[in-house]
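A single chain comes next, written as structure tokens; it is the form predicted on its own.
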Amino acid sequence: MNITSANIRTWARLGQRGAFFGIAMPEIASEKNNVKLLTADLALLSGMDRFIKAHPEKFLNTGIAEQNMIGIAAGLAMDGDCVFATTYASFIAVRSLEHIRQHLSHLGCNVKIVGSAAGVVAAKSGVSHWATEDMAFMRALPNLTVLSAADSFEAIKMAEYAANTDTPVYIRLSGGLNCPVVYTEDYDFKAGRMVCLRKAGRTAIIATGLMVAESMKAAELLAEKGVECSVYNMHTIKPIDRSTLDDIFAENDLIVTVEEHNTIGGMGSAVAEYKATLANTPRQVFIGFPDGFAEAGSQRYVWEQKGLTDTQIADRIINELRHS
């Protein structure tokens, strides 16, 4: 794959879903004979045209039957295929949870579950199409790697990684068209290893998904006010990167976790669970959906209700530092 700054910007315009299925998957299918791509009637919205034209024999639309899709995916995996199965994160992580637990988590079938439109990118569609609990469900299942892409380029990196593993993986895609760019050049993606994007001060922001770009902007706003923060991209929710977290806890006085997800059971909870096993660790602030839903509207309107915009994140950190 030709990775250039220009291509990265192009992939960002396609969004995470378009980059994953329209750019990465056709390349992967050309290199691996055993790849199969299944969708629950989301081919057009997911930008699969290029894949379908190039590899029609490797594609299957199961229709709006998400639970059956997981069963079919497991069967194909048992026959030796590396299967990618996708639909809205809200449907695949909730409606199909029992099937994922039984067929993939328990049996360890080689299926990559791709939850698109995670978070509240499908904002105006309302709660039925939002996924603000999916990481909590997925990371509770044994034998399942849980990934959350910060931008379109990272979504491509995750597709390549998943295609070269033989275990079940959940990949969370949240960025829509014109997805904010986090990585402007190639980098070494390693599942289970956080990425430090900014190193400064004694406050560390740990973010995932679209909140990585938002947290980077918040850190810039804070720097203008004389408050320095580090920013880390936790693209792997499970297995958690304990080694880097050890360093973060040792070097900082305040930890701020930011996610487009319920603050119960998500990335922040994963950090806190590990932190609770250690002595003398810094205080943690949770920024996300505070155990509730929100009114439908634009994605940014929903974020504003929950304090997830760059200015709100910066203001929250200043307030926390004043009262620490």
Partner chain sequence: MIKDQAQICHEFANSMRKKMLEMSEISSGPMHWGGSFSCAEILATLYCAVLNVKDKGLDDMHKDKFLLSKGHAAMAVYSAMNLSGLLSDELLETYQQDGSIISELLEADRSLGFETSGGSLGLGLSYGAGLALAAKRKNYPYKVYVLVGDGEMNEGSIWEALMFASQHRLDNLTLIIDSNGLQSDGPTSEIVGGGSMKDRLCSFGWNTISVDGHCCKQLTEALACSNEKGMPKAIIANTIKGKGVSFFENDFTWHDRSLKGTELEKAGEEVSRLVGNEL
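Numbering follows the first chain given and starts at 1. No experiment lies behind these values; they were computed from the predicted model shown.
If you look for the form predicted in complex with the partner chain, you will not find it shown, but the lines that follow are about it.
In the predicted complex, the partner chain sits within 4.5 Å of a heavy atom belonging to Asn68. For Asp81, a non-hydrogen atom is located within 4.5 Å of the partner chain in the predicted complex, even though that partner is not displayed. Within 4.5 Å of some heavy atom of the partner chain in the predicted complex lies at least one heavy atom of Thr62. For the chain shown alone, His103 is a contact residue for the partner chain in the predicted complex, at least one non-hydrogen atom being within 4.5 angstroms.
Of the stretches 278-286, 22-30, 52-60, 258-266, only 52-60 has residues with a heavy atom within 4.5 Å of the partner chain in the predicted complex. Residue in contact with the partner chain in the predicted complex (any heavy atom within 4.5 Å), chosen from Ala223, Ile72, Leu197, Leu141: Ile72. His99 is the sole member of Arg193, His99, Lys217, His129 with a non-hydrogen atom lying within 4.5 angstroms of the partner chain in the predicted complex. The candidate site formed by Lys36, Leu76 and Leu107 is fully in contact with the partner chain in the predicted complex, as each residue has a non-hydrogen atom within 4.5 angstroms of it.
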